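A lone chain, given as structure tokens: the form predicted alone.
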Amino acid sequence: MNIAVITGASSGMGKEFCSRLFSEKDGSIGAPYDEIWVIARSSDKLQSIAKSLDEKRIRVVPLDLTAPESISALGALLDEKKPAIRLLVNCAGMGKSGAFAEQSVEDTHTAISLNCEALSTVTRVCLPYMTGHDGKRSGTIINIASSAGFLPQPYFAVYAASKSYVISFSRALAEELRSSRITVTCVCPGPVDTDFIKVSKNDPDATFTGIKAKFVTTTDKLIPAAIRAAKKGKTMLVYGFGQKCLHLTSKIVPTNLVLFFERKMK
């Protein structure tokens, strides 16, 4: 049984991945899939996605990936079903904006646990089911990072640092798995029009403001681009002209100088 696994599938980018991959036919990323396993905390939202597509092909796996017992449950389900995982999309993530000292210990722990620990552990649990398949490629991994990971970001410190981890981890993993014919694509968008900004600011009416508002993209543009990059086996996708400029800046401009300008802009 060939499957795709999507974390953070109940909304935003994860939900868009599910919709796009449901009708995907390209064998370079293992499609079409007998089942798509959708993982998130909200069972109701996942059930709604399954009903809107096909309950026979969408397997609802409600898990809180910050809880060790959820990782164990995923491992047990994989051991029971023994699927061939042709695509893994690590989309689950969260972050809180504001001064680090004013954030709760719980929020800090959750961000690091979900963005770094869960992504790594889910990947590790899934890897044994991604090798040994016929074809030019055994499996594909897509990790959702962010252009926030290119540089330190005051007042978004934990999130930016966690996405730096995702970028570094993804690039190293791509090299390690090259001989196993598993590709890893790290996707680095800028601001995306999802509920993320509302959650990060704890404000249901929050929107992107200032310079970030000029670079907001939408999931219906970003996710097809991410899938295309994965099909080509690209190690990294920096999405959008503004984010490409930021990526270049992070390589050639001293970090202290960038932080100086960020301070002045603040």
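Computed from a predicted model, the values in this text were never measured in an experiment. Numbering starts at 1 and follows the sequence shown.
Keep in mind that the form predicted together with a small molecule is not shown, yet the notes after this line are about it.
Undergrad: May I ask you to check whether residue 13 falls inside a 4.5 Å heavy atom distance of the small molecule in the model of the complex?
TA: The answer is yes: residue 13 has a heavy atom within 4.5 Å of the small molecule.
Undergrad: Is residue 41 close enough to touch the small molecule in the model of the complex, meaning at least one heavy atom pair within 4.5 Å?
TA: Contact with the small molecule, yes.
Undergrad: So, in the model of the complex, is residue 183 in contact with the small molecule at a 4.5 angstroms heavy atom limit?
TA: Residue 183: no contact with the small molecule in the model of the complex.
Undergrad: Please determine whether residue 93 contacts the small molecule in the model of the complex, using a 4.5 Å cut-off between heavy atoms.
TA: Yes - in the model of the complex, heavy atoms of residue 93 and the small molecule come within 4.5 Å of each other.
Undergrad: Given the stretches 97 to 105, 71 to 79, 123 to 131, 184 to 192, which is the single one in contact with the small molecule in the model of the complex, using a heavy atom cutoff of 4.5 Å?
TA: Of the options, only 184 to 192 has residues within 4.5 Å of the partner.
Undergrad: Report yes if all three of 9, 66 and 159 come within 4.5 Å of the small molecule in the model of the complex by some heavy atom, otherwise no.
TA: Yes, because 9, 66 and 159 each have a heavy atom that approaches the small molecule to within 4.5 Å in the model of the complex.
Undergrad: May I ask you to choose, among 140, 153, 170, 146, the residue with a heavy atom within 4.5 Å of the small molecule in the model of the complex?
TA: Only one listed residue qualifies here, and that residue is 146.
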